[in-house]
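Here's a solo chain for you in structure tokens, the form predicted alone.
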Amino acid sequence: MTGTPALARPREAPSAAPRLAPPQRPRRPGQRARARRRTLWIYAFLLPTVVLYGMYTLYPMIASYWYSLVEWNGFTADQRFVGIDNYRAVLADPMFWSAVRITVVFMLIVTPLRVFGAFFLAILLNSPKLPLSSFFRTLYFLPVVTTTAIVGVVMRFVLDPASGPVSVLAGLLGLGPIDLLGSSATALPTAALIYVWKFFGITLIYWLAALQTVPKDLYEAARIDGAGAVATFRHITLPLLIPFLAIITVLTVEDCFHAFDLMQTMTAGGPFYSTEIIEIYVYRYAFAATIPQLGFASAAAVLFGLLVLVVVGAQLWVTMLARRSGARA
């Protein structure tokens, strides 16, 4: 009796053996020496930057925290430890809170003009139908690369009530001499407008970069569907730029805390302390006073740094929210 042959099981394909990375050949002594020399040259070129950054940035930042706890005029070696008395004196000084108020008002004037003005101008300059768009971009960015102190000095000459071009033009129009920087009511808005003009190109570049992220396919689809320019801007461009609006706004707000060089060269905090922002307040006690109070000024600078840190924290928080909203969209 012969049995039926058993069905042959399908033969399993042999599993592929894991490929091992080819063994690296050890470097020769000459190659190791050349790599070591290359690394040493890299560190040698970085060393001057590291040393200068440590001397003129890191050390003053760290030293200011110690100076804020002592009473010191900067001329003698005697430093008397007073703890938080300097912070108490700064917080009790009404001029400090006046400087904070002026800084906030300056920020509230500058930020909307830079953010929204640059936004609408970027929309125009981003249009392919606009002739000489590259020329206008360069024209608006030229003040950014100009030294801020030089801009302040030139603007003092331009706005001089005796012989400045603005006063001469106002005289020809029968308006009489105009002293925009010499009046407490007009000095701060005038300085804010000059600051907007000086750094307008940076915000413009931000918006132009943001507009490049909008896919062109969406514009082509909208054009095929018969959407006009207003509808395309409202339903495509604007929703996609909302996350950038939050980020650019926070960057502009942070930038408003660094107007010392322009304000110092134009008004030096005057007239009657009407343009004394926090940076000029610190400078006045640290360097411009007859007897400098470096401890008091350092305490004010530390408090100013804490204010900047709050803005930076808000920037990180807004950026995180913008990324989340962009991911959901």
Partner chain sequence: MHRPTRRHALAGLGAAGLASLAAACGGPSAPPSAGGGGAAAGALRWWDHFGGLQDLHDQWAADLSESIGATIEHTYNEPSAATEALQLANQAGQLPDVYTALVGLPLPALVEAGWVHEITLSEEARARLPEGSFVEGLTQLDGRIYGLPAFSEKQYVACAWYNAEIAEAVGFEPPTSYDDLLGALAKIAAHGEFTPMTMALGVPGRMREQADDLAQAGGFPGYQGLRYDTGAYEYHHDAYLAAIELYKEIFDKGYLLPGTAGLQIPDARGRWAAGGIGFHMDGPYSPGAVRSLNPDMLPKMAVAGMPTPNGEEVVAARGARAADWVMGGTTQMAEQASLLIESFTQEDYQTQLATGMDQPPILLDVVARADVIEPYAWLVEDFSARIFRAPQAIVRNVEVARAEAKRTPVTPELGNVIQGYLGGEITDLKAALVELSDANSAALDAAIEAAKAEGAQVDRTDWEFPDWVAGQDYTY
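All figures in this text were calculated on a predicted structure; none of them were measured in a lab. Basically, rigid core = biggest C-alpha set you can superpose within 1.5 Å across the two forms. Residue numbers count along the first chain shown, from 1.
Keep in mind that the form predicted together with the partner chain is not shown, yet the notes after this line are about it.
> Is there a heavy atom of residue 66 lying 4.5 Å or less from a heavy atom of the partner chain in the model of the complex?
Taking the distances in the model of the complex, the answer for residue 66 is no, it never comes within 4.5 Å of the partner chain.
> Is there a non-hydrogen atom of residue 49 within 4.5 angstroms of a non-hydrogen atom of the partner chain in the model of the complex?
Contact check for residue 49: no, nothing within 4.5 Å of the partner chain in the model of the complex.
> Applying a 4.5 Å heavy atom distance criterion, does residue 294 contact the partner chain in the model of the complex?
Taking the distances in the model of the complex, the answer for residue 294 is yes, it comes within 4.5 Å of the partner chain.
> Give a yes/no on whether residue 81 approaches the partner chain to within 4.5 Å in the model of the complex, heavy atoms considered.
Taking the distances in the model of the complex, the answer for residue 81 is no, it never comes within 4.5 Å of the partner chain.
> 139-147, 108-116, 175-183, 195-203: which one contacts the partner chain in the model of the complex at 4.5 Å, heavy atom to heavy atom?
Partner-contacting stretch among the options: 175-183.
> Heavy atom within 4.5 Å of the partner chain in the model of the complex: which of 209, 229, 162, 92?
If I apply the 4.5 Å criterion carefully, the residue I get is 162.
> Can you name the residues of 224-262 that have a non-hydrogen atom within 4.5 angstroms of the partner chain in the model of the complex?
Counting only heavy atoms within 4.5 Å of the partner chain in the model of the complex, no residue of 224-262 makes contact.
> Superpose the two forms on their rigid core, then report whether the C-alpha of residue 288 is displaced by 2 angstroms or more between the shown form and the other one.
Shift at residue 288: below 2 Å after core fit.
> Answer yes if the CA of residue 272 moves 2 Å or more between the shown form and the other one after aligning the rigid core, and no otherwise.
Superposed on the core, residue 272 moves its C-alpha less than 2 Å between the shown form and the other one.
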